[in-house]
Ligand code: RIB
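Shown here is one chain on its own, the form predicted on its own, set out as structure tokens.
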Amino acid sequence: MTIPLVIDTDTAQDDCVALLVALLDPLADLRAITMVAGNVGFDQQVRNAFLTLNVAGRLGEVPVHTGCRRPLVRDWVSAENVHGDGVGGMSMDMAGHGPQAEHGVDALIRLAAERPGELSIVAIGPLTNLAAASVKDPDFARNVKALYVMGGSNNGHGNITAAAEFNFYVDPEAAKAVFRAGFEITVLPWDPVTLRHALFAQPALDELAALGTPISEFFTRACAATLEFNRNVGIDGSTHPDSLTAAALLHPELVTRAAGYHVDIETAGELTRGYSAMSWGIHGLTENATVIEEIDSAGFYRYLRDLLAKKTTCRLPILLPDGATIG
């Protein structure tokens, strides 16, 4: 039995890998991709989503909807210093391919209402679209079966400031609203889970590159800029929290430890904007999320390795910066 889902994304680097999970895992029934302002320029994010659909052999099969192009009340903050363009300079002919006319927020509301209690959402960018949908439709949170969020740190290190993880930092007001909206939320945090269990060192990356498939080459090129950034800041490997979040929905056996928390997001602090305060039960607060604390790291790697070994056929050539092509 397949799992109907939507990926809400700011497509760059591991967001692309998360899309591959949803496009190629036989358990996934990907109904739509909705775009939110985050990692790189908005139009580039849209192109990256279509590139990923193309390399997966699914171009034209899954609708892409553009959502909120800026945070609710703040200016957009980029992560282009980390990801570059998010796909290592790859491109394709976009003629005849573009997003749907329906806004991403409206698509989320419609898809959840069509199958109340059945649709899951994997949110791997800032939570602007989800917050806007919750305000526009009071039934939206109830209609969504499960919301899997990549964001925050479990009272640990940030990756854009000392206190904050990028997705929550970019739109803290949206994150705060989503955690108060009544969703059944599961959180995959940056620290400690990503840094300990979703980090691939060079031997693993060499094995993935050696698979020799179009999607393994796509993976290697899309992740190269972020890998270089990570190494420059003392993280020895490629980080994969977004694809892990999608995989955790489809394969809960990958989660080896999780617990209920009360999660709230700091919006007012000068030094702590976007900080995720995760209370573990001793502060008299009601749990509003399940926070993943540990995953089967080796199992997750095997899962992605098997995924990237799949043979796909690009519908259109993917152009590389040196003039060569994939597909």
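Heads up: residue numbers just count along the shown sequence, starting at 1. In this text, all values refer to a predicted model and were calculated from it rather than measured experimentally.
Not pictured, yet referred to below: the form predicted in complex with ligand RIB.
**Q** So in the predicted complex, does His197 come within 4.5 Å of ligand RIB, heavy atom to heavy atom?
**A** Heavy-atom contact with ligand RIB at 4.5 Å: absent for His197.
**Q** Determine whether any heavy atom of Phe140 comes within 4.5 Å of a heavy atom of ligand RIB in the predicted complex, and answer yes or no.
**A** The answer is no: Phe140 has no heavy atom within 4.5 Å of ligand RIB.
**Q** Is the gap between Asn129 and ligand RIB in the predicted complex 4.5 Å or less for some heavy atom pair?
**A** Residue-level check for Asn129: no, no contact with ligand RIB.
**Q** In the predicted complex, does Met150 have a heavy atom within 4.5 Å of ligand RIB?
**A** Judged by the heavy-atom cut-off of 4.5 Å, Met150 is in contact with ligand RIB in the predicted complex.
**Q** With ligand RIB left out of view, choose which of Val144, Val193, Ile124, Ala174 has a non-hydrogen atom within 4.5 angstroms of it in the predicted complex.
**A** Checked against the cut-off, the match is Ile124.
**Q** Using a 4.5 Å heavy atom cut-off, indicate which stretch of 107-115, 163-171, 91-99, 130-138 touches ligand RIB in the predicted complex.
**A** It is 163-171 that comes within 4.5 Å of the partner.
**Q** Can you list, in sequence order, the residues from 80-111 that come within 4.5 Å of ligand RIB in the predicted complex, counting heavy atoms only?
**A** If the 4.5 Å heavy-atom criterion is applied to ligand RIB in the predicted complex, 80-111 yields only His83.
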